[in-house]
Each structure stands twice: as C-alpha cells, then as structure tokens.
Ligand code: C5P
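In the form predicted on its own, a lone chain appears below as structure tokens.
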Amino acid sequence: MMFKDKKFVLGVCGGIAAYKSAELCSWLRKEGAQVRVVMTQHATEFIAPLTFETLTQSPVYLDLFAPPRAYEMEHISWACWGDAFVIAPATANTIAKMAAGIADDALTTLYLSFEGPVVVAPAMNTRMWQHPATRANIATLEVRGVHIISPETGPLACGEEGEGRLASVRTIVDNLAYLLSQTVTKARTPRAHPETDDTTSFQLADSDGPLSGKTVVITSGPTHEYIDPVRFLTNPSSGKMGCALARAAAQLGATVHLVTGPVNPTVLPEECATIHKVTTAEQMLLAVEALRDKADVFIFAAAVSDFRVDRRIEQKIKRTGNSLTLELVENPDIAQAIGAKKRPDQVSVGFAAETHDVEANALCKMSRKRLDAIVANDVANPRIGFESDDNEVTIYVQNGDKRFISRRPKEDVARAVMEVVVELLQQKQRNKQV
C-alpha cells in the first residue's frame, strides 16, 4: 500500500469542493494511511463532520473551545502526530489567514503548530484565484516551503469555466506520494585513493573543472505507472546511462542531482550525486521542478512512461475469463514542461530512444521541447540501449552540429555528451556578454 503507516492531517475548508475531501480521505485510508480531519466552521455547511468521523474512525477537530474528547491540546498533539498536513480544498480566505499568520480557528491554529510538510490544494472562482492578493499570498506560502497543488481548469460551480477547480484526487495523492516516499541520499565525499576501493571506480572531481560551480540535474531510469496494487506499466530502462552521466558531470566539477525511477540500487552514483528516488512520471516532474531554479544544466535521460491508467484500480484485478480494457491518459512531458520555463542561460539536453526514423523523430523532439541538444539512439538494435552496458548514439545540436558516437561503453558516451554540454554553456556565456 502506498501510504502504509503514514499519518495525515486533512484540513477541509468551506467550498463546494469540500465533498471531494471525503473521496481523498477514503483513498488515503485504502492506501494504508491513518487520517485525522480538521474542519473550518464554514466547511460544515457543505459536508457534515460525521462523514469524516465515519471514514477515519476518529473525531473531527472543529472548535478550539469545544469540550475535549481527549485530555490534550489538539492543535499541538495533532501537529506532533501527523507526517503531513494536507488542506484540500483550501479557500482564498484560509490561504490569506495562513499567509498572514492569523490563527483564529482550529485549522489555522493547527497550521501554525505544524512543523512537517504542508500541502495546499486551492479551489475557488477564477477571478479569486487570479486576484493579486491571492497570488501574493500563494507566493508567500511557497517561500515558506508550503507545497501548492495548482487548481485545474474546467467548469466551475458558479457556471463559469476557468482555472480554479480543485486538483483531482489522483493528482493530490501523487503529490503526497512524491513528498513522503521519495528518498534523498546526499552525495558522499569520494575517497582520496579510489584505486583501493572495490565499490566504485569514481575518480576525484576536478575542483577547477569546466563545470565547477555548476549544478546539473539528470533524470534517469524508468517510471512505474501502477494499474492496480501489483501491476504497472514500465519499460526495460536500467538507469545505467543516467548514472554514467552523473559520474561524468561530477568528474568535471559539477554539483549533481540525479532524479531516478526504480532501478537496481547498486548502479546509483551515491559517491558523487544527490539521489532523488521517484516512482511515477508525475513524481519525477515534481522533483525536477523543485530543482529548476538552481539548475544550470538539465539532462533528460529517463525513459519516462508516456501513458498511465486514467484511474488506478484499488484492488488486484482478478481473472474473469474475459478481456480487459484499460483507459490510458498521457503522462506529462518532463523535458517539454521544463523547456517551456527554462531561463536563457540554462542548458537542456534530451534523449530520444527510437525504433525508426531516428533522425527525423529526434530533430522534431529537440524543437518541440526547446532542447539545446538531443542524444538519439536506435533501441531496436539489441546490442545497445536498454539494459546494455554499451550505447551508440548521434548527438544533434540546435545549431545544426551532428556528432556520431560509435558503439562504446556508456561511460564513454556520457563523457562525449558532457563535452557538448560544456560547449553549450560556454556559448551561452559568450552570447550573454555580447
């Protein structure tokens, strides 16, 4: 189960989307989590506290001055109890109180006491969401480390259409899974004499290397998109190419962040990179976006699953003797999402694993995703690519340059890619000085 033994405090505010909180609560419980609910008084106009008490088998925290059901101060004891505080839906009023530090009800008092991760999923009319006051309050919360799950665009309760719908329960759950289940391993300092160390062949980074002072973010490995609790969509990526790139970047002096899908942990370059472990494509995008502002270079080497099931089935699917139809939806395109927001001084390099029309498909991807370069290889060739220790690639650069790298170990291919990265950074620096 996704949230086995996790503890969530769920905050519910007074909006029409409050009914979706019951679905979120139910989903968290089915995934093994313990849930306690705190409500604003206005929320009780839309959904009864008894609904949540039935779902959680715990009392709802509603009134600071109500007779206690246990001899404790809930806003303190619950803050110590919970692993994360999720406010969904969050109204403009509550968001404003949180930003100003106002604590005049159970929910806002609990917020000021909570030291763990806080997740806010706003829901309101488009005009309210876009108002400068709301935008300023959201920005204040983000600076303080609150994780904001942006509302969706669609029909609103008032009859209008626009941005302001509460994010889907699936989106909220995926955000929580990323925030709580990711494992971050800090890079270890390489040994002074790596030739005596049987566990790694990593060489000491060059403190004066061409990437000294630069931060490189690399995606690697596959993603797993669960169909039911035991089955998922994926691909054969081993993560070896991404790990080789991480070591090559570190050897040139870079600070490296490796965002990796599920791979054999023995291949991970923990000696020279900070490792961010994720499972799904949406979690990988969240991890990269969290690193976006500090990155000088993005290298998108992960084999991200292009599709996921529209809604994961909660119980293991049993044989019935009949065929099964699954509705698939597209996953976010991580390289394209980052490319749309990257700064002029940031370099982005993608990978194109193709089975036909390799060059045409690679060039199309480079343009569509605003990449500075793309590394293309033919995964239909069984001697290279997925799960192999070798690769054979062509590197296409936005300026029209084209470099063929014949079959060789992925470590050598990684060094060739990093040479292109260094050249691209140097070119951007020259352009900036003109």
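Throughout, we count residues from 1 along the sequence that is shown. Since the structure is predicted, the reported quantities are computational estimates derived from the model, not experimental observations.
Omitted here: the form predicted in complex with this ligand. The next part is about that form.
- The contact residue chosen from Ala301, Val278, Val347, Leu211 relative to this ligand in the predicted complex is Ala301, the criterion being a non-hydrogen atom within 4.5 angstroms.
- Of the residues Ala335, Ala254, Met124, Cys243, just one reaches this ligand in the predicted complex with a heavy atom at 4.5 Å or closer; this is Ala335.
- With a 4.5 Å cutoff on heavy atoms, Arg368 counts as touching this ligand in the predicted complex.
- The closest non-hydrogen atom of Tyr111 lies beyond 4.5 Å of this ligand in the predicted complex.
- Shown alone here, Glu161 lies farther than 4.5 Å from this ligand in the predicted complex, counting heavy atoms only.
- The shortest heavy atom separation between Glu314 and this ligand in the predicted complex exceeds 4.5 Å.
- Note on the interface: of 88-96, 266-274, 302-310, 141-149, the segment with non-hydrogen atoms within 4.5 angstroms of this ligand in the predicted complex is 302-310.
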